[in-house]
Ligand SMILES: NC(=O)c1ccc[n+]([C@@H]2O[C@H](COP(=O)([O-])OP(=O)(O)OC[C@H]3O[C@@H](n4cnc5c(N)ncnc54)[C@H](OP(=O)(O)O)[C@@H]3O)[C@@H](O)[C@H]2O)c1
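Consider the single chain below, provided in C-alpha coordinates and representing the form predicted on its own.
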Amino acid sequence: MVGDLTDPTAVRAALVNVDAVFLVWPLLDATPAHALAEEIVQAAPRVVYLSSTAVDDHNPDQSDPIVQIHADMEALLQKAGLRPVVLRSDTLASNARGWAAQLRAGDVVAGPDFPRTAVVDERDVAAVAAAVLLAPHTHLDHGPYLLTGPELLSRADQVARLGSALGRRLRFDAVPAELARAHMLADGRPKALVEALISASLHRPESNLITDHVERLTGRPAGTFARWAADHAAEFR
(Lines give C-alpha, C1' and ligand atoms only; values in the text may rest on other atoms or scores of the structure.)
Protein backbone atom coordinates (compact mmCIF):
# COMPACT_ATOMS: atom_id res chain seq x y z
CA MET A 1 0.00 0.00 0.00
CA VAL A 2 1.51 3.33 -1.06
CA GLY A 3 0.26 6.52 0.54
CA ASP A 4 0.94 9.59 2.61
CA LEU A 5 0.96 9.46 6.42
CA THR A 6 -0.31 13.04 6.50
CA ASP A 7 -3.34 12.19 4.31
CA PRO A 8 -6.16 10.79 6.51
CA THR A 9 -7.93 9.26 3.52
CA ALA A 10 -4.83 7.33 2.48
CA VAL A 11 -4.22 6.21 6.07
CA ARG A 12 -7.83 5.04 6.41
CA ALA A 13 -7.51 2.92 3.28
CA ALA A 14 -4.21 1.44 4.45
CA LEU A 15 -5.71 0.40 7.80
CA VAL A 16 -8.51 -1.74 6.38
CA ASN A 17 -8.25 -5.27 7.87
CA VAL A 18 -4.99 -4.35 9.62
CA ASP A 19 -4.59 -5.51 13.22
CA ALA A 20 -1.08 -4.20 13.96
CA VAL A 21 0.82 -1.08 12.90
CA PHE A 22 4.57 -0.43 13.02
CA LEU A 23 4.84 3.35 13.00
CA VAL A 24 7.94 5.26 11.95
CA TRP A 25 7.26 9.01 11.84
CA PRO A 26 9.42 10.67 9.15
CA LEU A 27 8.75 14.37 9.81
CA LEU A 28 10.25 16.91 12.20
CA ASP A 29 6.75 18.13 13.11
CA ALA A 30 4.17 16.12 15.04
CA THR A 31 1.21 18.33 14.07
CA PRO A 32 0.14 16.25 11.04
CA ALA A 33 0.23 13.13 13.22
CA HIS A 34 -2.93 14.19 15.08
CA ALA A 35 -5.09 13.20 12.12
CA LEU A 36 -3.08 9.99 11.72
CA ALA A 37 -3.70 9.09 15.36
CA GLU A 38 -7.44 9.66 14.95
CA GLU A 39 -7.54 7.23 12.03
CA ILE A 40 -5.58 4.62 13.98
CA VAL A 41 -7.94 5.01 16.95
CA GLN A 42 -10.91 4.33 14.67
CA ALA A 43 -9.27 1.23 13.17
CA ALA A 44 -8.10 0.04 16.62
CA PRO A 45 -4.96 -1.96 15.70
CA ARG A 46 -2.07 -2.60 18.04
CA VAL A 47 0.62 0.06 17.56
CA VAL A 48 4.38 -0.33 17.81
CA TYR A 49 6.22 3.00 17.60
CA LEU A 50 9.92 3.40 16.79
CA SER A 51 11.39 6.14 18.98
CA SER A 52 14.85 7.13 20.27
CA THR A 53 16.90 6.08 23.30
CA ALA A 54 17.86 9.75 23.65
CA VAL A 55 14.36 10.64 24.91
CA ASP A 56 14.56 11.91 28.49
CA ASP A 57 11.33 11.03 30.32
CA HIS A 58 12.13 13.54 33.07
CA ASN A 59 12.42 16.56 30.78
CA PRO A 60 9.68 17.89 28.47
CA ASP A 61 12.32 19.86 26.55
CA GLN A 62 14.57 17.38 24.78
CA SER A 63 18.18 17.92 23.71
CA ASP A 64 17.49 18.57 20.02
CA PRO A 65 14.65 18.61 17.44
CA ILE A 66 15.11 14.97 16.43
CA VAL A 67 14.68 13.70 19.98
CA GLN A 68 11.92 16.23 20.61
CA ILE A 69 9.78 14.90 17.78
CA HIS A 70 10.06 11.37 19.18
CA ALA A 71 9.02 12.56 22.65
CA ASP A 72 6.15 14.53 21.13
CA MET A 73 4.99 11.51 19.11
CA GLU A 74 5.09 9.23 22.14
CA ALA A 75 3.00 11.73 24.08
CA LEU A 76 0.55 12.24 21.21
CA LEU A 77 -0.06 8.50 20.79
CA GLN A 78 -0.55 8.03 24.51
CA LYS A 79 -2.96 10.97 24.72
CA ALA A 80 -4.98 9.53 21.83
CA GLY A 81 -5.45 6.37 23.92
CA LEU A 82 -3.43 4.10 21.66
CA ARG A 83 -1.00 2.85 24.35
CA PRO A 84 1.71 1.90 21.84
CA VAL A 85 4.52 -0.51 22.50
CA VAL A 86 7.47 1.89 22.32
CA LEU A 87 10.79 0.73 20.88
CA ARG A 88 13.50 3.30 21.51
CA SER A 89 16.42 2.75 19.16
CA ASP A 90 19.94 4.01 19.62
CA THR A 91 21.92 5.35 16.64
CA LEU A 92 21.27 3.12 13.63
CA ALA A 93 24.30 1.56 11.98
CA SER A 94 22.74 2.34 8.59
CA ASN A 95 23.36 6.06 9.21
CA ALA A 96 26.96 5.31 8.22
CA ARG A 97 25.77 4.99 4.62
CA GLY A 98 25.89 8.79 4.57
CA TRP A 99 29.69 8.47 4.44
CA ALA A 100 29.75 6.27 1.35
CA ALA A 101 30.49 9.03 -1.18
CA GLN A 102 33.41 10.35 0.89
CA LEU A 103 34.90 6.88 1.30
CA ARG A 104 34.66 6.15 -2.41
CA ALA A 105 36.61 9.36 -3.00
CA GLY A 106 39.23 9.04 -0.27
CA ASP A 107 40.18 7.83 3.19
CA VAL A 108 38.73 10.65 5.31
CA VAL A 109 35.20 11.07 6.60
CA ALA A 110 34.53 14.70 7.49
CA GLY A 111 31.44 15.78 9.37
CA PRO A 112 30.00 17.00 12.66
CA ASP A 113 31.04 14.93 15.64
CA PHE A 114 28.50 13.29 17.94
CA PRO A 115 28.80 11.84 21.44
CA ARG A 116 29.43 8.11 21.75
CA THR A 117 26.41 5.83 21.56
CA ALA A 118 25.78 2.08 21.47
CA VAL A 119 25.21 1.94 17.69
CA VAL A 120 22.58 -0.67 16.84
CA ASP A 121 22.26 -2.74 13.66
CA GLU A 122 19.01 -1.79 11.92
CA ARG A 123 18.45 -5.50 11.22
CA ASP A 124 18.24 -6.05 14.99
CA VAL A 125 15.70 -3.25 15.28
CA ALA A 126 13.67 -4.85 12.49
CA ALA A 127 13.86 -8.25 14.19
CA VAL A 128 12.63 -6.74 17.46
CA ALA A 129 9.78 -4.97 15.69
CA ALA A 130 8.72 -8.20 14.01
CA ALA A 131 8.89 -10.14 17.28
CA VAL A 132 6.79 -7.54 19.09
CA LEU A 133 4.23 -7.30 16.27
CA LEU A 134 3.81 -11.09 16.21
CA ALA A 135 3.87 -11.66 19.98
CA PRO A 136 0.60 -12.53 21.73
CA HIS A 137 -0.94 -9.32 23.02
CA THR A 138 -0.68 -10.31 26.68
CA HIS A 139 2.99 -11.32 26.56
CA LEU A 140 4.47 -7.80 26.45
CA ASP A 141 4.17 -4.60 28.38
CA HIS A 142 4.32 -1.28 26.58
CA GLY A 143 7.97 -0.54 27.23
CA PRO A 144 9.79 1.53 26.40
CA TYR A 145 12.25 -1.10 25.19
CA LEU A 146 15.73 0.35 24.70
CA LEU A 147 17.47 -1.12 21.67
CA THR A 148 21.25 -0.76 21.65
CA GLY A 149 24.30 -2.40 20.21
CA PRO A 150 26.84 -4.14 22.47
CA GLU A 151 29.48 -1.36 22.63
CA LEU A 152 29.78 2.41 22.86
CA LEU A 153 31.25 3.93 19.71
CA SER A 154 32.31 7.39 18.62
CA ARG A 155 32.19 8.47 14.99
CA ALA A 156 35.95 7.84 14.83
CA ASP A 157 35.41 4.30 16.18
CA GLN A 158 32.81 3.58 13.49
CA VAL A 159 35.06 4.89 10.72
CA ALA A 160 37.95 2.76 12.02
CA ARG A 161 35.77 -0.35 11.95
CA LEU A 162 34.70 0.45 8.41
CA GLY A 163 38.37 0.74 7.57
CA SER A 164 39.03 -2.74 8.96
CA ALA A 165 36.20 -4.14 6.87
CA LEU A 166 37.54 -2.41 3.76
CA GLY A 167 41.21 -3.16 4.42
CA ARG A 168 42.02 0.57 4.49
CA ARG A 169 43.30 3.02 7.06
CA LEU A 170 40.46 5.53 7.42
CA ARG A 171 40.18 8.66 9.52
CA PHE A 172 37.29 10.69 10.90
CA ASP A 173 37.79 14.45 10.74
CA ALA A 174 35.40 16.37 13.00
CA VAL A 175 34.52 19.72 11.44
CA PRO A 176 33.04 22.83 13.09
CA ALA A 177 29.27 23.19 13.07
CA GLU A 178 29.20 26.05 10.56
CA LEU A 179 31.36 24.19 8.06
CA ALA A 180 29.34 21.00 8.53
CA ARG A 181 26.13 22.97 7.98
CA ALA A 182 27.48 24.46 4.74
CA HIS A 183 28.59 21.05 3.44
CA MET A 184 25.23 19.40 4.17
CA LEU A 185 23.27 22.24 2.58
CA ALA A 186 25.54 22.07 -0.48
CA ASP A 187 24.80 18.34 -0.70
CA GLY A 188 21.12 19.20 -1.06
CA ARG A 189 19.85 18.10 2.34
CA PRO A 190 16.69 19.90 3.54
CA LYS A 191 17.47 22.93 5.70
CA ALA A 192 15.26 21.76 8.59
CA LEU A 193 17.03 18.40 8.69
CA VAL A 194 20.46 20.04 8.54
CA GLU A 195 19.61 22.32 11.46
CA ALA A 196 18.28 19.36 13.45
CA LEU A 197 21.47 17.37 12.83
CA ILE A 198 23.68 20.28 13.79
CA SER A 199 21.66 20.82 16.97
CA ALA A 200 22.00 17.12 17.82
CA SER A 201 25.77 17.25 17.32
CA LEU A 202 26.06 20.26 19.62
CA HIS A 203 23.56 19.45 22.35
CA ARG A 204 22.89 15.73 22.62
CA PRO A 205 24.56 14.33 25.74
CA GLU A 206 26.86 11.34 25.67
CA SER A 207 25.14 8.05 26.45
CA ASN A 208 26.56 5.15 28.43
CA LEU A 209 23.45 3.05 27.83
CA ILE A 210 23.88 -0.59 26.80
CA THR A 211 20.95 -2.97 27.27
CA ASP A 212 20.05 -6.60 26.59
CA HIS A 213 16.61 -5.72 25.20
CA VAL A 214 17.43 -6.91 21.66
CA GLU A 215 18.36 -10.33 23.04
CA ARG A 216 15.41 -10.38 25.42
CA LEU A 217 12.94 -9.81 22.58
CA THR A 218 14.59 -11.80 19.77
CA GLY A 219 16.47 -14.55 21.60
CA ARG A 220 19.86 -13.54 20.18
CA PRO A 221 22.35 -10.84 21.18
CA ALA A 222 22.65 -7.57 19.30
CA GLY A 223 25.22 -7.58 16.51
CA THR A 224 28.34 -5.44 16.50
CA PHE A 225 29.03 -2.51 14.22
CA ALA A 226 32.08 -4.41 12.98
CA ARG A 227 29.78 -7.15 11.71
CA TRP A 228 27.53 -4.56 10.07
CA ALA A 229 30.56 -2.98 8.39
CA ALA A 230 31.76 -6.34 7.07
CA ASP A 231 28.31 -7.19 5.74
CA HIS A 232 27.97 -3.81 3.97
CA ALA A 233 31.56 -3.19 2.88
CA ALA A 234 30.66 -3.36 -0.81
CA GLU A 235 28.49 -0.24 -0.41
CA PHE A 236 31.57 1.82 0.45
CA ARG A 237 33.88 0.66 -2.35
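All figures in this text were calculated on a predicted structure; none of them were measured in a lab. Heads up: residue numbers just count along the shown sequence, starting at 1.
If you look for the form predicted in complex with this ligand, you will not find it shown, but the lines that follow are about it.
- Only one listed stretch (174 to 182, 207 to 215, 25 to 33, 55 to 63) carries heavy atoms within 4.5 Å of this ligand in the predicted complex, and that stretch is 25 to 33.
- Proximity to this ligand in the predicted complex, taken as a non-hydrogen atom within 4.5 angstroms, holds for one residue of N95, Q78, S154, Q102, which is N95.
- Distance criterion of 4.5 Å from any heavy atom to this ligand in the predicted complex singles out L50 from the list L50, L170, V47, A37.
- Although the partner is absent from this view, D124 stays clear of this ligand in the predicted complex, with no non-hydrogen atom inside 4.5 angstroms.
- Interface residue remark: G3 is counted as part of the site for this ligand in the predicted complex, having a heavy atom within 4.5 Å.
- Remark: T91 counts among the residues lining this ligand in the predicted complex, judged by a heavy atom distance of 4.5 Å or less.
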